[in-house]
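Coming up is one lone chain in structure tokens, specifically the form predicted on its own.
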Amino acid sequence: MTHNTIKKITSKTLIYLVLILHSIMIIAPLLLMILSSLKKSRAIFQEPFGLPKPVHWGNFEKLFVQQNYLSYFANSIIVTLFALATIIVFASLASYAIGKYSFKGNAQVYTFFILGLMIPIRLGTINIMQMFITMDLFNKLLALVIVYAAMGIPAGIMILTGFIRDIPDELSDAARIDGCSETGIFIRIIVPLLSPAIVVAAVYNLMPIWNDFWFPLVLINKDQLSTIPLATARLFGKHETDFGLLYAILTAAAIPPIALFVGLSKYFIKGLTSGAVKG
């Protein structure tokens, strides 16, 4: 074998080793979580890495029947879906204006939104809470939707603006010649071409919203309006914690984002790699 061939084989082997190690680091904790959810609390500590003997489904029965966690899952799903929809709508409209129209202060407006990525929104927690109390939105899921939309719009604009700028202006000009309105151009031309980037923006904002504990803790004190992270935190008792139930909740909570990511993975990868092979 030539020196170049050996070099290629070595580099590929190293890449595969890194990918395998990275996969193990991700899959092992998930597998351990699933196995623990099928054990009683005592068995989790006696054989933390062993298989459940026998399989104990009582944790999931307790989760959905006795503890009424379906309502908490519904709260998290409602908040996440509405927040993501708000982010996509406003970020795509703002990105279209910034990316395709030249106006005074264009760069400053874009910079203003990007600054939202640098300033942690939690610094304004007290003011946000006071504002929602004044607006009679305290203890309402709408307050969480508004906060998460405000958190996600800057990142959405950063992602979508770059994609919109890469869309040829000739497509919009041709549509204008045919008599298409600006709204029609956005809906019929820009949005279909932007779908991979929209998926990237949605997946990017999904996990921070789904896993957030801080704002539900601050803005929600009604048990029936709790989200999954807040309801899970309440399982840690002062004297006793049901770890079997805890792992069952974590396992069930991981299913929606994983299912969404798997379902949208084709568009997600397409959006990430868009522009990487341009000539």
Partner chain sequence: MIRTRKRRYYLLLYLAPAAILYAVFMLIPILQSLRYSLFTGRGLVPDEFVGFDNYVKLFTQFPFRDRFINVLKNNFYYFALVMVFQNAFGFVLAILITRKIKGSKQFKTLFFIPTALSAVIVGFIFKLVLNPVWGIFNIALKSLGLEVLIRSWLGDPTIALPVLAIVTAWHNIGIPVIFFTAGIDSISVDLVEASRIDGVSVWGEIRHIIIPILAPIIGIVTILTFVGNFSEFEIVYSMQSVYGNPEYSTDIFGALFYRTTFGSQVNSVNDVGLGATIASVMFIIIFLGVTLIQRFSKRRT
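Positions refer to the first chain, counted from 1. Take the two forms, find the largest set of C-alpha atoms that superpose within 1.5 Å, and that set is the rigid core. Since the model is a prediction, treat every value here as computed from it, not as a measurement.
What follows is about the form predicted in complex with the partner chain, which we do not show.
Only one of the listed residues (S71, S172, N139, T125) places a non-hydrogen atom within 4.5 angstroms of the partner chain in the predicted bound form, and that residue is T125. With the partner omitted from this view, the residue of L193, A85, I78, L93 that lies near the partner chain in the predicted bound form is L93 [heavy atom within 4.5 Å].
By the criterion of a heavy atom within 4.5 Å, Q67 is excluded from the residues contacting the partner chain in the predicted bound form. For the chain shown alone, S102 is a contact residue for the partner chain in the predicted bound form, at least one non-hydrogen atom being within 4.5 angstroms. Interface residue remark: N211 is counted as part of the site for the partner chain in the predicted bound form, having a heavy atom within 4.5 Å. By the criterion of a heavy atom within 4.5 Å, S226 is excluded from the residues contacting the partner chain in the predicted bound form.
Contact annotation for 29-55: residues with any non-hydrogen atom within 4.5 angstroms of the partner chain in the predicted bound form are P29, L30, L32, M33, S36, F45, P48, F49, listed in sequence order. Relative to the superposed rigid core, W210 undergoes a CA displacement smaller than 2 Å between the shown form and the other one.
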